Each structure stands twice: as structure tokens, then as C-alpha cells.
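In the form predicted on its own, a lone chain appears below as C-alpha cells.
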């Protein structure tokens, strides 16, 4: 049954576009996906007088912004880090009166478990296991990938990764290292910590895009102190607490980052429709129709797809040939992250080994988080990316956590009985995501990435996978803004 307000709103929408009267429910723009990008697009379009409808397949909004409620409190298992340069995200947090707090993820000292032995990074250069050559020998095993990635990065501008003048660098990290004459062991070690899907599966230009954008974010603060602890933190996890405009280098949202998309959806009200699984999209040059598995149909002048291409490729799309967009939908791979979130007693005080470590085994990485007390319970994570994440996703989900806790005890016997698991998240096994972030295989930037955001008839594209100059949560917000502006320009 319609409320009077809902009836009037629906009637107004029909009057704006009477040629869509046969559709189940008409709108100016049908947005597929209720993550940050889809919600931001809807807010902008509504502000400009258009009627959007957001179709979200899940029972909650947020996409890869996800907070698990645990006995120890909320834990963000998806997007959570808000940098000082995240202008759109910060603006939305302030608009919805969400409290930003300094990220508390200071990782304790790292070591390496390699070929069955514990490696002292300080003496790695003279270790008999070190078969690297020249300057490679001086780089800690876990840092080889990121160090060499940075050494050869020629990009200066944020969109240089798409510049055709770098087309010959649309290759894998392995190919880049071979091109520069690196040793086989250096390549092997780099494969243990390569960003993206893996050393062979990800374009080096895609890796450099993130590195170049991260360098910009770091410029929004005071220069970090130099030191071994700074240099040996992988994946930019080191957090700096110097205040710039009241913000530390990385912020989180108090209570969990899911509060941001929840606030955006509450603002949109009945614009957002949950549990709407899209089965088909029919495109023409003048309109688009979206059909859901529950039989509902939505027709609009425009469509914005704000879901990962891993999901969109499961949707039947009919219309004119889709060009680069269709190619990207069919082929673009997604990276994965699988993490076990836990609380641990500081077993490293007992075994004398580094609290955090990288390994060449199935466990991947163990991150021990400083509680700033030394003793007592610490938060920790087992983190699997790349090939390890892909391999763990093939295991029986019910056995994954026990297996990983046992593997930790095998490597660190002192941890036995000192681990309490809070939650686990494997994004590749999430049926509504099928991965944690976009990637591009070698050759795909030249093949389709430069043009994949161009509209497919009346369908436009948003989502962090359509990033050009941003990354993380900011790229999701920016892409929603871009898609909304594209639609507004065409709508006239």
C-alpha cells in the first residue's frame, strides 16, 4: 500500500516522464548498487531535481564499507581508512555529524618467516638464505616488492597511469623486474608481498596508480619521522598522529564506518530499495529498463551501474555493442583480501620473536597492533592478499579460521591458547562483492581501461573500480559524483 506521500511522489515522477508509464516504477535515473558511489550519485541527482531510485541487492547499504558487531565492539572489515585528502568523505562525515577518531592501527615490529627459518631483518644481508644480488641484498624480504615498485615508478601526475606514453609499462611486476635484471630470488620475494592479485596477474601501472595517489595523501601532513620502524611497515599501515587541521594521518569513524553509508541512505529515504537483485538490463539510446529477480521492473532515462564488474557480468545486458565498457565488465579481475580479526595475549614476550611477521606460507601476514601498554591484550590480524587470499578462498569456509589459528601456533607455539578470534571476512566469498577491490591485468590498461568509463548507451558507470585519480573510499565518492554530473549534462 502507498502512503499519501509515496503516492504523490510516484505520481510526480510519472508526470515528469509519461512515456515510462508502463514500467513498474519509473524514475529519472536507476542506480544499481547502494555503496558509497551509488548513494553519493543519488544525493547529487536528487539535489538537482531529478528522481533517482537506488537498487541494492543486500539487506543493508554500504557495499564494501562493512562493520561487524562483535563482543569486543564494532570492527570494520572493509573500507575504513579516511585520509586527510579525502575531501568528499570528510565533507560527508561532517555533514552527517559523524565523529572522526585517529586510526589506532600502529603495527608492532615486523619479522619474516622464510623457508622454515626466522629472518632477522637487521642481518638479512649476510644471511645464508639471502641469494639476492647487489643492492637487493640490503632490502628486507617483506619489503622487496614495494621498494622496487617505488624505485621504478615514473608517474608524476595522478592520471599518468592512463597516459599512452607509458603504454609499454602495462606489464607485470615480474616482467618489470626481469627487464631491470633482478635476481630470481628477488622476484620470488617480491611475489610474497606484491600489491594487487599477484606479481604476474596485475599491471604495474595499476600498482603505480595507488602508490602515486598514496604519496599525495601523505603530503597533507608533516613529513613522517625516518627510521627502521617506518620503513618496515608494509602496505602503508604506519599511522602518524601529528594533527593537521585537527586530523591525524588516517581517521576512522567512531562506531564503525558503516555509519556513513547508513546516514546517506537515511537521508535518501524511500529512494533506496533493499534486497533488489538485478537480473537484466535493457538499454536503448533513450532509456533503460532494469529487471530484478523478484519480478519488479524499473525504467529510467538513465542508469548508473555502481556495482563491481564481477557482479555486473552476471547480469544479462541487451542493447547496442558496449565497446570498452563491455570488455571491462567481462574481463576486469578483482583483488581479494581475507582477514581474521583477533585479540591476543602478547605471546611474543615469551618467544622473543618479532610481534608481527610476513611468511611464505598459507598464513601470509600476522599483524600485531600496539596497545600502547606493552603487556595485556592486543588486537591482531591474520592478513592474506594476492595468491594466498585466492588459495584460502578455496578451502571449506568452516575450516578456514581453525586452520589459520593452528598455522599461527605451528609457526609461533607460544601463541597456543592465547588467541581469541573476533570475526573473519573473505571478500571473494561474499556473493554480492566477489572481491575487495578492482585490479587490472597486464595489457588491460592498453586494451580497455582508458575508455571503460564511457557510457554504454544510457548506462553510466561508478564505483571505486572506475577510479581515475583517487583511491579507497574517496574514489567511490568521486566516481558517484562524476557519474551524476555526466547524467546531469546529458539530461540538459
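Positions refer to the first chain, counted from 1. Only a predicted model underlies this, so the values are computations on that prediction, with no experimental measurement involved.
Form predicted in complex with a small molecule: not shown, discussed below.
Visitor: Can you tell me which of 168-176, 123-131, 337-345, 294-302 lies within 4.5 Å of the small molecule in the predicted complex, counting heavy atoms only?
Guide: Single hit among the candidates: 337-345.
Visitor: Does each of 111, 199 and 387 have at least one heavy atom within 4.5 Å of the small molecule in the predicted complex?
Guide: No, none of 111, 199 and 387 comes within 4.5 Å of the small molecule in the predicted complex.
Visitor: In the predicted complex, does residue 86 have a heavy atom within 4.5 Å of the small molecule?
Guide: Judged by the heavy-atom cut-off of 4.5 Å, residue 86 is in contact with the small molecule in the predicted complex.
Visitor: Determine whether any heavy atom of residue 145 comes within 4.5 Å of a heavy atom of the small molecule in the predicted complex, and answer yes or no.
Guide: No, residue 145 sits far enough from the small molecule in the predicted complex that none of its heavy atoms falls within 4.5 Å.
Visitor: Looking at the partner-bound form in the predicted complex, is residue 203 within 4.5 Å of the small molecule by any heavy atom?
Guide: Contact with the small molecule, no.
Visitor: Is residue 448 one of the residues lying within 4.5 Å of the small molecule in the predicted complex, judged by heavy atom distances?
Guide: Residue 448: no, not in contact with the small molecule in the predicted complex.
Visitor: Counting any non-hydrogen atom inside 4.5 Å, which residue from 287, 193, 81, 359 sits next to the small molecule in the predicted complex?
Guide: None of the others qualify; the residue that does is 81.
Visitor: Ok, 418, 137, 277, 218: which has a heavy atom sitting within 4.5 Å of the small molecule in the predicted complex?
Guide: The residue in contact is 277.
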